[in-house]
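Single chain ahead, written as structure tokens, the form predicted alone.
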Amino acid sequence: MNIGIDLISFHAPAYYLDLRVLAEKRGVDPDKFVVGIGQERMAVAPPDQDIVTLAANAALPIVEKAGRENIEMVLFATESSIDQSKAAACFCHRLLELPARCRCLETKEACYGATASLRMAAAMVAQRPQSKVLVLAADIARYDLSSPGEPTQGAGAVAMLVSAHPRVLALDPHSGFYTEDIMDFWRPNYREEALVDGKYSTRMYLTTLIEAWNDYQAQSGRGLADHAHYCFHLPFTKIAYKSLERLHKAAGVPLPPKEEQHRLVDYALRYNRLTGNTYAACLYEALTALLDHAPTPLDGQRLGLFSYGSGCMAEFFSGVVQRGYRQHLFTEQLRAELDSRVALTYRQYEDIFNYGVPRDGADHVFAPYRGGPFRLAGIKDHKRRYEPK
């Protein structure tokens, strides 16, 4: 029995900052961002959007298309949690009007959380083949203003419906994984902005990629040639090419020509270039981009996927694209969303950055901004109030 991703949907905030604008303000060459790390824009979440609304906005097309029946679990992966006790999945459960007979949980391990949730979802479906699991991954990446991490900021959410007999991607049973206790990226409870040792984090990303790949290869018996395309975790898009180079070096296989490298990874980078880092969502944002942009059909092709969460946890796994998958994508809807986004001035970006969500315990009402079907209306008695637009 095949188990995997039956439907997948991506959503980004309706505002963005062009990194050329940021480069001018910071007094650096725009190519440092656009070419050096491969980023063009960063998505900016307005005050009335948070991880709950982003995830619910991503999930709504799925539940409208597939229906709400048989969804027996919602798993929400994030490192931008809004409550120390209540799972963000519970808020989404109400907004999406899901069945009461449904488990709702929140998962965390930096950017790896969505892959852990996907694996948990597949295990539940294997036990109960008639059930479906909604996996949500949403984050708002924040670093200090003028810090090295600032140009990699972003925001977005992915929703995936996991089921038996999936229509988009059937997961292979083999995977390779690796964990180690390190401090390459972290965000203490008393900070809104993440802390990162950028060079160390990149080095560990590439090191654990090889560890996970070697384990995957031992488990599956597959080599690089057995995968038609690759999707990598994307703190910035240039790391995909570094990853491809490192994989070929470790396998003792010559790196293919530039055109072939482009074919293997570039289609998966299209959305991330326009949104920035979406943390837990970004590997599956890359998968969505590949499915939407591959110039020839991917039916029956095996994809290699690498998930990395700082701290750290890494996993390399694979899946086979299902025949007729293009009929089950939301490509045109997503492209329309991205094309209609509003460009911010630097002053507007900084104002939104500094506004944040009040933490003084007072009641607050948020003005409406552009965005998806759901918004954060305000806070009253320390309770977040969400509403449909």
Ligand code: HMG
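Predicted, not measured: the structure shown is a model, and the values here were computed from it. The first residue of the shown sequence is 1; numbering continues from there.
From this point on, the text means the form predicted in complex with the ligand, which you will not see here.
At least one heavy atom of Pro148 is located within 4.5 Å of the ligand in the model of the complex.
Using a 4.5 Å cutoff between non-hydrogen atoms, Val35 counts as a contact of the ligand in the model of the complex.
Among residues of the shown chain, Pro235 is one whose heavy atoms approach the ligand to within 4.5 Å in the model of the complex. The ligand in the model of the complex comes within 4.5 Å of a heavy atom belonging to Glu79. Of the candidates Ala122, Val196, Val168, Leu98, Val196 is the one whose heavy atoms come within 4.5 Å of the ligand in the model of the complex; the others do not.
Proximity to the ligand in the model of the complex, defined as a heavy atom within 4.5 Å, singles out one entry of Glu69, Asp31, Asp351, Glu332, which is Asp31.
Three-residue candidate spot Gly176, Ser220 and Tyr230; no residue lies within 4.5 angstroms of the ligand in the model of the complex by any non-hydrogen atom. With the partner omitted here, the stretch from 238-246, 287-295, 258-266, 211-219 that lies within 4.5 Å of the ligand by heavy atoms in the model of the complex is 238-246. Counting a residue when any of its non-hydrogen atoms is within 4.5 Å of the ligand in the model of the complex, the one hit in 204-226 is Tyr205.
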